[in-house]
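Encoded as structure tokens, the following chain is the form predicted alone, with no partner shown.
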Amino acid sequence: MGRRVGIVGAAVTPFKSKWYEKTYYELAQMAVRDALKDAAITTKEVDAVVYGIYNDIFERTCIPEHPLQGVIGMQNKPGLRVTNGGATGAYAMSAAHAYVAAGRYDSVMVLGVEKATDCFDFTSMSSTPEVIKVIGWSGDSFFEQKIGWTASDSYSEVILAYMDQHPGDLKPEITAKISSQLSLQVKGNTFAQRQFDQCTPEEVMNSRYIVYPLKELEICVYSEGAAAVIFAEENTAKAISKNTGQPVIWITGMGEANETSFAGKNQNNWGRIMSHHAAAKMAYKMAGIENPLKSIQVVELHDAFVHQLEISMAEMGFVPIGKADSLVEDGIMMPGGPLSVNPSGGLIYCGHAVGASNIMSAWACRNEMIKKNYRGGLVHGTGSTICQYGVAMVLEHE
């Protein structure tokens, strides 16, 4: 068993569709400055940094982390970059946790930053097609890219297989209610890209299809922004907590799993997202959790799509597989229910600045646990084709 690891500081920049006035260097500096301020320490007291940056092309440089080491004041200290698709931020936190738990470093900062629309397409004179094209390059280069693979297509493959196996679940009126609920929850998140973009279930239902069954108001939005969290071992964490007056939020469980990236016969368990199931199972075992619905009060889940949110919640044991709509029908994640899901608005309303997204989720989960004195929290990340990657991190408030 490794050393106890806690979160002692966290911060995010505002998530925006476009940061015209800032480079990704400056966004990184802003997040680091505010995370250090939150922990009331300087970079002299941080032993190492782990960078979460998804895509070289977004930042228009092949080693996007190298300029950051100096501009955030971490020169002559270890710096490691993690890139794992949409789960980049979650895997970066997993690496930092391992460093501290193993005794290599007493404190490690995790910094995620992304500036997607810097990759300008000079043919269309717009950034959006280039972003979509770059995401499309995440698909298999021999077959999928050539037939026009997109992230929405990929996730809809999993969702449609689930719907075939469980007809009657993931009903359109339920996914619409969840999106509407997330849009209400985001009003309290002053850093969110869509803080004032509230919508009714009817408006969600009437929004256009992007790829069946995914509608425009049920899909995450590309964002630009940065987020940082600081992990520390027990004695260091308690000393920082005593100085700041903020409680330590302990990381009591970590789990990760990657499936095959191809769908179909002899590839994966079609209609399931086994990576999320396996990651959560591993994290629960480490944290000693038998029933997540009893032990966890707040979840910040990587909701690339509302339908995937529902399936992921089932895979992680909050509701039975095949009965994901009970999240709404039984009031589990609705106001007054036992579980708060994405009080930040999630990636659909706060925004998806890929390398920073899961770190934003950890920031939001920690804030909610401190503010509402929740005992248990869960941060989830996913990414790559057909939800291939899954990460779960269990948090505990003393």
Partner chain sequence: MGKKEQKKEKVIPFGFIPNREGRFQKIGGKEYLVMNDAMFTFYERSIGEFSPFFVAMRDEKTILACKCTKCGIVRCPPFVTHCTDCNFAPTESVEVEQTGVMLSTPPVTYFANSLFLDKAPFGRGRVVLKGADTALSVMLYTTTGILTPGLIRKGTEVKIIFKDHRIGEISDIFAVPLSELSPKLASKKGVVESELNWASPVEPKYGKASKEEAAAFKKSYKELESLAKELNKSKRARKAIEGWKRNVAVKTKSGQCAMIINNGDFKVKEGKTPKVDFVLACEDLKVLLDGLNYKGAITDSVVTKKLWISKNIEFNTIFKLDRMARSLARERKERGA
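Numbering follows the first chain given and starts at 1. Keep in mind that this is a model prediction, so the values were computed, not measured.
Missing here is the form predicted together with its partner chain; even so, the following discussion is about that form.
- Contact here is defined as any heavy atom lying within 4.5 Å of its partner chain in the predicted complex, and by that definition not a single one of Met334, Glu368 and Lys371 is a contact residue.
- A single residue from the set His97, Arg194, Arg81, Arg272 has any heavy atom within 4.5 angstroms of its partner chain in the predicted complex; that residue is Arg194.
- The contact residue chosen from Glu259, Glu144, Glu256, Asp106 relative to its partner chain in the predicted complex is Glu144, the criterion being a non-hydrogen atom within 4.5 angstroms.
- Contact check for Ala279: every heavy atom lies farther than 4.5 Å from its partner chain in the predicted complex.
- Using a 4.5 Å cutoff between non-hydrogen atoms, Met286 does not count as a contact of its partner chain in the predicted complex.
- For Gly264, a non-hydrogen atom is located within 4.5 Å of its partner chain in the predicted complex, even though that partner is not displayed.
- A residue is said to contact a partner when one of its heavy atoms sits within 4.5 Å of a partner heavy atom; Thr61 meets this definition for its partner chain in the predicted complex.
- Stretch-level contact analysis of 241-249, 85-93, 145-153, 309-317 against its partner chain in the predicted complex, using heavy atoms and a 4.5 Å limit, identifies 145-153.
- Along 211-226, a non-hydrogen atom within 4.5 Å of its partner chain in the predicted complex is carried by Val211, Tyr212, Lys215, Glu216, Leu217, in order along the sequence.
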